[in-house]
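Read the single chain below, which is given as structure tokens and is the form predicted alone.
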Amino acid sequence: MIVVLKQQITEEQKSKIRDFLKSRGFKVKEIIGQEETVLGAVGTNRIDIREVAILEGVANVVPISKPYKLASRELKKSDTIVRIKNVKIGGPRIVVAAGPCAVESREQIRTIAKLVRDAGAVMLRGGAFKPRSSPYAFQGLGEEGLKYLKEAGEECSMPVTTEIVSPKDVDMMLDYVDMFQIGARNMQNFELLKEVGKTGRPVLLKRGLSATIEEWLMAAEYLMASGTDQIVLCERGIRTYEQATRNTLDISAIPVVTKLSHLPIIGDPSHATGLRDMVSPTSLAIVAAGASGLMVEVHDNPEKALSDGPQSLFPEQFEKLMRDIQALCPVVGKSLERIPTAKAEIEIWSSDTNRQIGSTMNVAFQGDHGAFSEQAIRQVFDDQVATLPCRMFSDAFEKVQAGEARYAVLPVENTLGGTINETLDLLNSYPNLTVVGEKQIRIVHCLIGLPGSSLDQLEQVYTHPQGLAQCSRFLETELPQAQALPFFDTAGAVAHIAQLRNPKIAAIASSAAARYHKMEILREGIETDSSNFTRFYVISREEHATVMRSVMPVNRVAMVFSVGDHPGALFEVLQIMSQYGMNMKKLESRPIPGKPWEYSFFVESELVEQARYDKAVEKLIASCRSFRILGTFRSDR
């Protein structure tokens, strides 16, 4: 059952409720949400829920209908984020684990670990114990393989996961692995599930060869009932009559599980297809279906692999796959999980960033809660970061300048509307603020109204002027009777109509804004052009830039400069950039405030190695009338 607690409940009352439930044989788990706190109570005993409902501090009691209680979305509405060292699985991110099917030697796993890490993988996989259909096939190196796997993971700063096949190996493997993997053949090995669950260690639970979704979630329930709630489900294909592929990938299981359970789900395209040429397209389909990540087999010499060589990608194939996933991420509203590229940077991330990017650190944005800018924040920072809404762009800059916010995330360019000039002009006017990051997200507009509203009764629609322009076709054809009214912010428009409580008034904004204000989405995806993306800058004070740049190693520089009034002045600057290999990605002119008919130039360029970059900047300063680096950051475009 779910025991919803009153907002003003005292710790003493909460303790009494917990003690009462435990005395009746229930296991109790407290779940703190954004709007309410609940106690999840599971057990085999029957109880009259009225006995719980009358306890002081209880607001409501809701039975859980699903046989899997702890894993059910009924118990926990928000997505579970599984943390394996410095990697997070779930929420608005895509995580890629990669490595060989089997650890074959110390040199082999170290070589492959570096290859997949350089390509963008954040977790290392590799089998030390290999349950095989044939007793004569390679069974793995055992504990020796675990030692090699751990060493390779530590060298590349990647957490490691590997399969456990016997309950007797649990204690031994704790010293080597960061995440246990329960293979398809052991999904219903309940004694193994109990022993692994007792450790509290994160678990990757693969779907059984012929398991239903309910049986799969019941296996997760065994793990959770035994002690761990850090579980990642893995769809790896099921056995059917089809012989063209190794298994049949049940891609529909991904959205189904996402609806039924709060646990994150990833896909294993290697075992699903059994053929390397099918792995990449299947991987993209898994991401598009809503999965939180992938587990991919990669080998530096698959023809000589001791296990599953035909389904293992060559390193160059894996590298291309990672680029394709990066391009797909903004379309599905997620970002590719990354970890720093050097041990020193890992130390900065773990010791500094986790404190900074926590619940007490503010990140400013323009707009109201649910704005697209806030969605960008959730893809850049930790899920628990505190967001600080600001009415104006300048307010967000001021919050960072004054130290009230550590960072600000502000739009700088839209694929349909072009450059957001206000952001650039403000950035140029705050000399001690700098660009430290970038994020692009797809803009999906929704028509939002009061619950029960209908399109034919709408008389007014509020949103930002950009939103009106981007949804003009829908407004003209579907709502010709409604007056389109501009508002300072899309999410702010939803807050406005939520206060008005008028079923004849609607707003255009994101689905997140609708959820935040408890409004209803009347129509989703109403933008005229689906290729609608916005790029955001992450801005901070210069003294706080080091952490962000170490977490996301820079490859792009933004600069602004003005040139003298003589023929070829701009050409001289561009020639310097060409001479030093700085590939220009963007060039725009901007009026200089207070100097009519004089212009500065905004440029984004790819970075070059440090010595050439320093020399180029030196020459650019000498050639320009004024010159300023606005920031260096990571771009995945």
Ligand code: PEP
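Quick caveat, the model's predicted, so the values are computed rather than measured. Residue indices: 1-based, along the sequence shown.
We do not show the form predicted in complex with ligand PEP, though everything after this point is about it.
Visitor: Of 179, 217, 184, 223, which residue is found within 4.5 angstroms of ligand PEP in the model of the complex when only non-hydrogen atoms are counted?
Guide: After the contact test, the surviving option is 184.
Visitor: Of the options 93, 262, 117, 130, which one has a non-hydrogen atom that comes within 4.5 Å of ligand PEP in the model of the complex?
Guide: Contact with ligand PEP in the model of the complex is made by 130 alone.
Visitor: Select, from the options 264 to 272, 539 to 547, 150 to 158, 73 to 81, the stretch whose residues sit within 4.5 angstroms of ligand PEP in the model of the complex by heavy atom distance.
Guide: Only one stretch passes the 4.5 Å heavy-atom test: 264 to 272.
Visitor: Decide whether residue 297 counts as a contact residue for ligand PEP in the model of the complex under a heavy atom distance cut-off of 4.5 Å.
Guide: The answer is yes: residue 297 has a heavy atom within 4.5 Å of ligand PEP.
Visitor: Decide whether residue 438 counts as a contact residue for ligand PEP in the model of the complex under a heavy atom distance cut-off of 4.5 Å.
Guide: Although ligand PEP is absent here, residue 438 would stay clear of it in the model of the complex, with no heavy atoms inside 4.5 Å.
Visitor: Contact with ligand PEP in the model of the complex for residue 104, defined as at least one heavy atom pair within 4.5 Å: yes or no?
Guide: Flag for residue 104 set to no.
Visitor: Is residue 368 a contact residue for ligand PEP in the model of the complex, using a 4.5 Å heavy atom cut-off?
Guide: The answer is no: residue 368 has no heavy atom within 4.5 Å of ligand PEP.
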